[in-house]
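Have a look below at one chain only, the form predicted on its own, in structure tokens format.
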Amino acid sequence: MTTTARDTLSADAWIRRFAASVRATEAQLTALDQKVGDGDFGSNLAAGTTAALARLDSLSSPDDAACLEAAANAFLDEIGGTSGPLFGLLLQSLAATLKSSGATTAALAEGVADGLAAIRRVGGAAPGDKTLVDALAPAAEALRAASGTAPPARALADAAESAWRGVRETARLRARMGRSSYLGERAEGVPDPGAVGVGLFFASAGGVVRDLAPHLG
């Protein structure tokens, strides 16, 4: 029997856990962004997840795709700045693939890959530019490598680990995009806040799976 994400991962729980982790770290995210950005990343991400929770609470049929689509629309419709719409694109891509292909590891891999492609088209960032792409790209690669062979628990744990490795790498990089690119070496040593947000996103998924199906971890 094939183990699907639906067996082990609730998108509703994923988004709610992500929102909780953002609330718990909002001050640290803001402090990071005050060093290398506009200083509003923590508040924007918190506003996005709060808006997403409100939309989840209004759903009449909260299946996984519907939850992800509702969260995507919250970020795309209600959050300004750069990061809100980018997270909205990632959630939108995940919603589309889970809706059409079912909640499998392969669908998660395809959704994250599509989200990464959409974010790169809109934002123009490449790996190495010191943006959230530096955490999302390795997470997408980890899911692609796990697709078809690993259950969602293992795949998402690998994605989270890879994303955090990407976060740590951004601290070493000199920014080539955004406000931090004007800071030169003064931004070195500081991880990119958007990349940290991506790390929290995948760590939240891994945490939900561990809670629901610890035997698959």
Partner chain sequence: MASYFENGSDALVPDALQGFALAHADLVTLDPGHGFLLARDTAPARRVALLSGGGAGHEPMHAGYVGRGMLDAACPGRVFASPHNRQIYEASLAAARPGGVLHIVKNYTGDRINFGIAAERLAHRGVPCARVLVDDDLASDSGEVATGRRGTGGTVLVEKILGAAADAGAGLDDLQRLGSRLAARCRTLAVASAAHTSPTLGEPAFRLGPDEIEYGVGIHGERARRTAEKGPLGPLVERMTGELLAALAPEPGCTLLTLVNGLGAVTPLELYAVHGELVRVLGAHGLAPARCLVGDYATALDMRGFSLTLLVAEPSDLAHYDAPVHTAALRW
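Numbering follows the first chain given and starts at 1. All of these numbers come straight from a predicted model, not from anything done at the bench.
Unshown form predicted in complex with its partner chain; subsequent notes refer to it.
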query: Among 69 to 77, 102 to 110, 143 to 151, 128 to 136, the region lying within 4.5 Å of its partner chain in the predicted bound form by heavy atom distance; finding: 69 to 77
query: Touches its partner chain in the predicted bound form: Leu86 (any heavy atom, 4.5 Å); finding: yes
query: Stretch 88 to 120 - residues with a heavy atom within 4.5 Å of its partner chain in the predicted bound form; finding: Leu89, Gln92, Ser93, Ala96, Ala118
